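One chain comes next, on its own, written out as structure tokens in the form predicted on its own.
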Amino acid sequence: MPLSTQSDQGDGQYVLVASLDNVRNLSNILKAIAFKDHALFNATPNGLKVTVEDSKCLQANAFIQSEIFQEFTIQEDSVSFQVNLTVLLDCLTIFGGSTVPGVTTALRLCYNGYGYPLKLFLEEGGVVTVCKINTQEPEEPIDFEFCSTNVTNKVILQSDSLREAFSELDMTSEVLQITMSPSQPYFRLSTFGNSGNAHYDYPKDSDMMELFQCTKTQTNRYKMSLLKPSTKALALSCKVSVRTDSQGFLSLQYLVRNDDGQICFVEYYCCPDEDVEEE
């Protein structure tokens, strides 16, 4: 890879080195969680986990497995740092994010460890740009304590059907109400906006429904302002898993295929807005 010789010091002095032949395989997935300026990066031998949070009510995680990278070398069990995500994305797309067939921007990401900047070596058409981004003290992310053993209801949908639902529901509504039930209406999305109440129902045997596992009737409301950032991930994804736990916390897990057909995941956790009385 052209950038393998571009580092200004031996790789042995870096605690993390990650290389991509196509930077879009990282930048696109980061755009799906870019709703706040700062992001927490946590690298392990399994890959990168990038976390963005808002007001202790919303958390987004992007998972980029180590296999996605052409090179992924980590010298410690875990490496964490925080960076300005807006600045990082500006750097990753410094060549304009070319969509010309056969033209890609290569990336080499290097990190020396605590207190050092994040170094990016970007190369396109023989031109190399070096960016250094200051890192910050990593803050401990919120633990939503959302574990599979507490999941009450779960459905897996084709993303197209959820995009269609969002296009038909009234987005002036302050909340999105989600009803999941082992009996009708099975899976219902409801809004309460300027044009009145709207409902979008999914039969459990719908072609768009890949999995339907609902054990009890739950109706919860979530602030639309918190859910809107997740539509970036929805736009990129081909499938979405919708789960709720016994407390009404919502997990939206999006399966995203990158330019090379490899799979990454983006997950959003959202707190319920208020309890809703069963009708």
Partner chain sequence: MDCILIGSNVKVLAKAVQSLSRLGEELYLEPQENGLALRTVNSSRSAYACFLFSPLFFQKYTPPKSSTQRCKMVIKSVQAVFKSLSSLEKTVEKCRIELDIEKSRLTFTLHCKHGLLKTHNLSFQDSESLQAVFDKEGCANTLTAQPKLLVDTVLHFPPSLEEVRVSVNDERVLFRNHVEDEAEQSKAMMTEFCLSAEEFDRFVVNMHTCITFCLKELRGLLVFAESSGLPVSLYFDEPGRPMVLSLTDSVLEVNFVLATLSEEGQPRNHNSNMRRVSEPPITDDFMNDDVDYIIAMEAGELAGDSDWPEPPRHALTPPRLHGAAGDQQESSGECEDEDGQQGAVETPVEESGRPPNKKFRSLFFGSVLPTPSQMSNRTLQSQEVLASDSEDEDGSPSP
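Treat the numbers as computed from the prediction; the structure is a model and nothing was measured. Positions refer to the first chain, counted from 1.
The following text describes the form predicted together with the partner chain, which does not appear among the structures shown.
The partner is absent here; in the model of the complex, the one residue of N112, N150, N197, Q75 having a heavy atom within 4.5 Å of the partner chain is N197. Interface residue among I156, L169, V175, V79 relative to the partner chain in the model of the complex, by the heavy atom within 4.5 Å criterion: L169.
Only one segment in the set 188 to 196, 137 to 145, 175 to 183, 67 to 75 has any non-hydrogen atom within 4.5 angstroms of the partner chain in the model of the complex, and it is 188 to 196. Using a 4.5 Å cut-off on any heavy atom, the residues of 201 to 240 that reach the partner chain in the model of the complex are, in sequence order, D201, Y202, P203, S206, D207, M208.
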